[in-house]
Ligand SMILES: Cc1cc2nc3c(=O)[nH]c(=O)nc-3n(C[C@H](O)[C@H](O)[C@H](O)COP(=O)(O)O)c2cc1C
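One chain follows as structure tokens, the form predicted alone.
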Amino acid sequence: MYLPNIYHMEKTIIIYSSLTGNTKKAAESICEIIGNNKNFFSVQEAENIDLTQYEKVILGFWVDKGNMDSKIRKCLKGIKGKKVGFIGTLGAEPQSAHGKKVYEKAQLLCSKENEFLGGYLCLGEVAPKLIEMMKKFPLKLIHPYTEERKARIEKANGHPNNEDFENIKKYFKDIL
């Protein structure tokens, strides 16, 4: 049984942005590792938090156009001199070429003015309103609704799931 270290509970904050609730659930699973929900905030709630009391910042984001969503990117601009990690959800396989590019971009942003702790990407269900938007895109746009995309979206349904949450906890237990 893992017993959280008091030091980590007082020094780690989790800030997330979630469009469908996927990223919030994924980020919440990390609270079990730090043993405390008091340091768990939406990006909107975190705007008024003094980050000087935290050594480590875990950012939760959903992938938008191959990058961290804009709210988390904006939040990250105000984080300097911290140890920063991330949990991201996307509607594609994290090990795919797209997933690897997302990871690289997020790592670069997190390490720009901070020490990079590590990051974890997992499948996340795609919002129905985004699927409807994709169906209207011309085929030459970045995210047209093709048969291949439809298959990826269907595979992402139900994620993150319990297996994902266990993998997230294991990963963050190791880096925190």
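Residues carry their position along the shown sequence, with the first being 1. What you are looking at is a predicted structure, and each value in this text was computed from that prediction instead of being measured.
Missing here is the form predicted together with this ligand; even so, the following discussion is about that form.
Colleague: Name the residue from L76, A92, I87, V84 that puts a heavy atom within 4.5 Å of this ligand in the predicted bound form.
Modeller: Exactly one residue meets the criterion: A92.
Colleague: Work out which of the listed stretches, 106-114, 41-49, 58-66, 27-35, brings a heavy atom within 4.5 angstroms of this ligand in the predicted bound form.
Modeller: Going by heavy atoms within 4.5 Å, the stretch is 58-66.
Colleague: Is G158 one of the residues lying within 4.5 Å of this ligand in the predicted bound form, judged by heavy atom distances?
Modeller: Outside the cut-off, so no.
Colleague: Since only the chain is shown here, I'm wondering whether L121 would be in contact with this ligand in the predicted bound form (any heavy atom pair within 4.5 Å).
Modeller: No, L121 sits far enough from this ligand in the predicted bound form that none of its heavy atoms falls within 4.5 Å.
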